[in-house]
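The chain below stands alone and is given as C-alpha cells, in the form predicted on its own.
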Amino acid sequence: MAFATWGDSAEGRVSVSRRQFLAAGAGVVGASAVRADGWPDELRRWLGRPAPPTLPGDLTPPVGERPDLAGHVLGRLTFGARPGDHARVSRIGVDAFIAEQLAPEGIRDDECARLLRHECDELADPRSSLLGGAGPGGVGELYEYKDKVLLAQLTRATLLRAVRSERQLLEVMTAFWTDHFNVDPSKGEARWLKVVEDRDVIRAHALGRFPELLRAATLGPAMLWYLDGRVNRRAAPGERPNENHARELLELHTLGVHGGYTQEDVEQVARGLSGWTVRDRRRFGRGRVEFDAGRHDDGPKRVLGRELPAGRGAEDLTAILDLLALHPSTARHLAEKLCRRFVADEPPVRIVERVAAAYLEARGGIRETLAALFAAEEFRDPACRGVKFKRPFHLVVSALRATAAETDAGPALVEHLLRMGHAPFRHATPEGYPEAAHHWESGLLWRWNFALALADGRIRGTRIDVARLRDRLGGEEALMASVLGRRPEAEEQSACAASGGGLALLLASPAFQWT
C-alpha cells in the first residue's frame, strides 16, 4: 500500500510505502513536536510536506456591519488578514500594530524562514552563503544556475513571504519599491543579477532611507543592464552619452513626469552617469559594478540649475543623487505614489502634501514618511475603506491568507498570476505594474476561476482545510465574517448557501475583491 504525498520528484509527488511511513513515524514522533493537524514537523519534512499556518488561540471574527479601523489597517498594511489577525489588532490597538510593522527587525518570523528553507533552495534562503559573499564581486556563482531556475525560485520566495511572513509591511513595501524601480530580468545579464537586486537593493532598503535606496538602485548591476547604464560612456570627444538610464531616473525614480526637468537636464544627468559599468560574465569578477574614469564625461555640468564643476569623476553621481533624492518634486512624486497605494487611486491633495512634507522633514526616511501617512485622518477616514481594488497578486495572497491555506507557491499557483497579468518580476517596461483599478478590472473572469480552483482544491501544491477552519472559527457565519472583515449580510449568507460553493463565491465577491 502506498501513500501519495507532496514531494520533490519530477511530477511533484513521491510514493511512500506503509512500512516506510511507519518506520519514519516511529523514529520521529517521540522527538518531534506534533502540530495541531497531527503531523510531526520532522515527519512532514521527511515526506516533503510543508507545515500549514499556525492558527492563534483567539479567532474571534469581526462583528461590525462594515469593516472597522482594525480591518482597514490590516487590508492596507498587509496582504490580507488571516484568521485571528483582526482579534489581535483589536486587542493591542491599531497604533501598536502600525508601530510593530514599521520595525520589522523586532518581529520574529521563524515559521516563514523555515518554510523558505523547505520550499526554496539556498538561492531564496536569506542565510544563504551563496548570496552572502562579502564585497560587490560575491555574486559570480549565480551564473552557474539557469536563469529560469533563478526566476522561479525568486518568484516562489516572494509569494511565500507575502503569504506567511509576519513582517507584512516589509513585504508590501518591497513590492512597492520593486514596481518603482522595476527591472525586467529577461534582459541581458539581469537574468542572473535580479536576485541580487531583490536582496541587496529593494529588500535591504524597503523601510530605510530613500537616498540610500536610490543610490543602491541606480548602481545596482541589474539596473545598469536593464537601462543600458553599463554602456553609457564618453570614450571620445563629441561622443554622446546613452540617455536611457538618466531619463528613467528623472521621470520614474525621482522627480516624476511633471517634476520640472527638461531635456537638457536629461542630457546633463546622462553625462554625470557615464563611466559606471558592470562586469559581464566573460570577465573575472562578473556582476561587479565599477567606475571607469576613462569613459566618464568629466567636464562641467548643470543639473536643475545646479552647477557641477569639472574634474569630479565619480562624485558627479553622488552630487546628482543628493540633489534628486531630497528635491521637493521627488517628495511629491513619492507621496502621490504612496498615497495611491495606501489611501485611494485619487488621493486627497491634503494628505499628499502632508506626506511630502513629512518626507522632506525626515530627510527621506521611509518609516517616518509612512508613519505620517498612517496617522493622517484621510487614511483613517471610513470613506477610505473598501475603495482599493486588489491587484491580482494582492488578491491571490489575501485569499491564501484568509483561508489559512497551505501552499508551496509552485508553478500551478504562479500560472494563475500569469493569466491575470501580475506574476512577480514579469513586467517588461520600466514603470512597473500599474496601481489603479481600471488597469485590472477587465480580468474578472480569471479572478473567479482562481477562486473556484482554490476552493475546490484544484491548485497543485496548495490546499485549504475548510472544515477545520469553519470548526475553529465557530461556524459558517463566523467563517464568512473572518473572510469579509465584517458580519455577512443576509443576502450574502443566502447566496452562499444556495450556490453550493460558498467559499468560492465569497472570494470572488466584490466585498473581497476590494479593500
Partner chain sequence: MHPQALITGERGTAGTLVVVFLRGAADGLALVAPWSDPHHARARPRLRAPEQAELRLDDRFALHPRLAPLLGAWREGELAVVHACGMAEDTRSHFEAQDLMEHGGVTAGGWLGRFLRTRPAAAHGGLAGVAIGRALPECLLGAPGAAVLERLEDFALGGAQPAWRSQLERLYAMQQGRLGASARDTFLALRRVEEIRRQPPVAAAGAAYGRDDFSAGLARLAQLLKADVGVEAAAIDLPGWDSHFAQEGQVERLSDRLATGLAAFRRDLGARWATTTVVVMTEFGRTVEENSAFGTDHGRGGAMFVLGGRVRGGQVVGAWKGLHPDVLEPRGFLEGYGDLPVLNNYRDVLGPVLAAHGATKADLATVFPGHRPASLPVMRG
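On a predicted model such as this, the values are computed, not experimentally measured, just so you know. Positions refer to the first chain, counted from 1.
Another form, the form predicted together with its partner chain, is not on view; read the next lines as being about it.
Interface residue remark: residue 318 is not counted as part of the site for its partner chain in the predicted complex, having no heavy atom within 4.5 Å. In the predicted complex, none of the heavy atoms of residue 165 sits within 4.5 Å of a heavy atom of its partner chain. Remark: residue 228 counts among the residues lining its partner chain in the predicted complex, judged by a heavy atom distance of 4.5 Å or less. Although the partner is absent here, residue 418 lies within 4.5 Å of its partner chain in the predicted complex, judged by heavy atoms. Think of it this way: in the predicted complex, its partner chain has a heavy atom of just one of 156, 233, 286, 199 within 4.5 Å, and the residue is 233. Taking a 4.5 Å heavy atom cutoff to its partner chain in the predicted complex, the contact residue among 350, 438, 306, 148 is 438. Screening 73-81, 373-381, 424-432, 212-220 for residues having heavy atoms within 4.5 Å of its partner chain in the predicted complex returns a single hit, 424-432. Residues of 470-504 lying near its partner chain in the predicted complex, listed in sequence order, are 491, 492, 494, 495, 498, 499, 501, 504, the criterion being any heavy atom within 4.5 Å.
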